[in-house]
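As structure tokens, one chain now follows by itself in the form predicted alone.
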């Protein structure tokens, strides 16, 4: 099924999904700005300027032809808790290239697609506040329609309670829809966010899912919404636990080296990076996942 073949098919769901990603973006940005304001004045970075998100719009130019194929909004903040965080949304449409369409479900026949989603990556000043990634999306091709996404956390120094609470939050979201989701999507995340050349996981995992079409896209959308809500609930709580802690030069050095693993994964293996670059997305928005400072 595809809205690209029948403009009335799934139109309402398409519009609802796009609006949801925007609303989730707004709620996350508000929550993160509140954390910036709550940092204790006597903590490390407490005297820095309060972080605020800055938004910039971009329009997708298909193959430099002047034809617009959607676009998006970048929301970037550099603050005193968040060294760099991006919460980006986009809605794009067009035709996949010949060499890429075979890799996308339902696109092999003619390559047409529509995609909308939210993508978030946060890199923190403190070595004790874990970096995090979250994205959810809705994709429609000429032969298929599905949801995908997930979230994972990358601490420098793992805190067992943080890991347990992070996973429990997403397990609850999964179990409320299908008790088979969490073990399946957790393993998918563990397998996906793995650096084979290092033989190590990028972080402590979370969940990852793709091509989710159970035959009831409304239910699949509801699950995708719950994934976003779970992230919005649990991650700010984890940040609050640690953001006022002091750290040493050695702690910060460990953070910068851990970020190197993040860069390696996103440039070598990340599907979202490949998808964005192959579909003519905004390069700055695609690469916003990279940290502002890193060491190897």
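Only a predicted model underlies this, so the values are computations on that prediction, with no experimental measurement involved. Residue numbers count along the first chain shown, from 1.
Just so you know, the form predicted in complex with another copy of the chain exists too; it's not on screen, but the next bit is about it.
* Among 33, 27, 251, 264, which has at least one heavy atom within 4.5 Å of another copy of the chain in the model of the complex? -> Looking at the other structure, the residue within range turns out to be 264.
* Which residue, 268, 59, 50, 40, has a heavy atom that falls within 4.5 Å of another copy of the chain in the model of the complex? -> So the residue touching another copy of the chain in the model of the complex, by this definition, is 268.
* To do: Determine whether any heavy atom of residue 11 comes within 4.5 Å of a heavy atom of another copy of the chain in the model of the complex, and answer yes or no.
  => No, residue 11 sits far enough from another copy of the chain in the model of the complex that none of its heavy atoms falls within 4.5 Å.
* Would residue 15 count as a contact of another copy of the chain in the model of the complex, using a 4.5 angstroms cut-off between non-hydrogen atoms? -> Outside the cut-off, so no.
* Using a 4.5 Å heavy atom cut-off, state whether residue 277 contacts another copy of the chain in the model of the complex. => Yes, residue 277 is a contact residue.
* Within a 4.5 Å heavy atom cut-off, is residue 198 in contact with another copy of the chain in the model of the complex? -> Residue-level check for residue 198: yes, a contact with another copy of the chain.
* Mind listing which residues of 281-296 have a heavy atom within 4.5 Å of another copy of the chain in the model of the complex? -> Result: 283, 284, 287, 290, 291, 292, 293, 294, 295, 296.
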